[in-house]
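A lone chain, given as structure tokens: the form predicted alone.
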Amino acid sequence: MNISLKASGVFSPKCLIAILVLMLASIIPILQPSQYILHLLILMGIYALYSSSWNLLAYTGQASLGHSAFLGLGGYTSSLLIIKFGVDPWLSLLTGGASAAAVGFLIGLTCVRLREWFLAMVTFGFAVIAETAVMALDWVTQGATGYATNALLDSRVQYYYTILVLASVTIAIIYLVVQSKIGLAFSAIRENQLEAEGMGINTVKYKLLAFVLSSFFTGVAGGFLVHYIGYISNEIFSFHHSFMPLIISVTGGLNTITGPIIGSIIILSIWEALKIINPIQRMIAIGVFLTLVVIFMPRGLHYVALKVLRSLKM
């Protein structure tokens, strides 16, 4: 399958704005922000990567409530390869993504024929199974106690630039995919799967492709997350990690490239601002915010930003 793009698409105003934003983001460490701000920006980058991976499924009309399973699988695979076998950290990161993609392929074979929230419930069940398996293999995973992971880099500035590049490359790949003929097939399936099948589109193949790509990038995000935090336990399979990419993508805008980025910035900013209350209350507050977004801005903040730019004649 070849990915073809018109040259004009690559140099469109949206792409030029993205390049400008990337350039501005690259100079943030030069401004010497506090370590806390740098930490928050790194988390935003990780969740932008994670949510963009999840959002790729939305392009085909699929939804997952158990993507934390692939996040955790990538994290455990990457960290254990380093600790147990001394594998190169960066190779282990890719291997973690590959292992998540392999499991995603197997799960996808049975799940992609399901539609909408039936698929979401199955993936949620898989996340529960994955957590149970980690607890049962406590002689390797240390169960609920967890274990310390190796650091990939020496400073937060290095982590910042690395996640900036990693997230940018991943989002660029997703952009190329959705702008290609593959992306057209994704859109056709999302709009009307029966009509897409009638047009000769192999819906199972394309939905499975989206599932595998999404799992791979999620696994990479999981590996980077646990190496940055320096610790992993069964907590990585929590409801928080399962629902976060959904909340972020809906807030920013489903089926958009910039939606997960905008959503990550907004949701994590709110999450940090509400640290004065306990996690359950924070989730309730996020839920209320999400409800308001769905009611008053159903297409997400991405389209609100577009309207503002158009009003400024940009």
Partner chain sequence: MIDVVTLSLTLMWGVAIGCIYILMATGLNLIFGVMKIVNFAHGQLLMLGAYMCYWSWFILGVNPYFAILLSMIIVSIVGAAVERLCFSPIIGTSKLNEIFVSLGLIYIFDYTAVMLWTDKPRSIVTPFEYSTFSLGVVAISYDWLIAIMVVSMILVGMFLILAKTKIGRAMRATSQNMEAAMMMGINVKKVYTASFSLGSALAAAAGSLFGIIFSLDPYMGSLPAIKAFAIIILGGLGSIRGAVIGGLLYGIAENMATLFLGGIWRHAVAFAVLIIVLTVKPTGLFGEGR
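Positions refer to the first chain, counted from 1. Computed from a predicted model, the values in this text were never measured in an experiment. Just so we're on the same page, rigid core means the largest C-alpha set that superposes within 1.5 Å between forms.
The form predicted in complex with the partner chain is left out here; the points below concern that form.
In the model of the complex, which of the stretches 161-169, 175-183, 118-126, 95-103 has residues with heavy atoms within 4.5 Å of the partner chain? Correct option: 118-126.
Of these, L306, A25, V294, C15, which has a heavy atom no more than 4.5 Å from the partner chain in the model of the complex? Of the candidates L306, A25, V294, C15, V294 is the one lying within 4.5 Å of the partner chain in the model of the complex.
Interface membership of M283, the partner chain in the model of the complex, 4.5 Å heavy atom rule: Heavy-atom contact with the partner chain at 4.5 Å: present for M283.
With a 4.5 Å heavy atom cut-off, would you call W90 a contact of the partner chain in the model of the complex? The answer is no: W90 has no heavy atom within 4.5 Å of the partner chain.
Hey, in the model of the complex, is F85 touching the partner chain, heavy atoms inside 4.5 Å? Looking in the model of the complex, residue contacts with the partner chain do not include F85, since no heavy atom lies within 4.5 Å.
Quick one: is I265 in contact with the partner chain in the model of the complex, heavy atoms, 4.5 Å cut-off? Result no; I265 lies far from the partner chain in the model of the complex.
Mind checking whether each of W54, F243 and I247 has a heavy atom within 4.5 Å of the partner chain in the model of the complex? Contact check passed for all of W54, F243 and I247.
Even though the chain is shown alone, can you say which residues of 52-69 have a heavy atom within 4.5 Å of the partner chain in the model of the complex? The stretch 52-69, when checked against the partner chain in the model of the complex, contributes W54, A63, L65 at the 4.5 Å heavy-atom cut-off.
Core-aligned C-alpha movement of I277 between this form and the one not shown, 2 Å or more: The answer is yes; the displacement is at least 2 Å.
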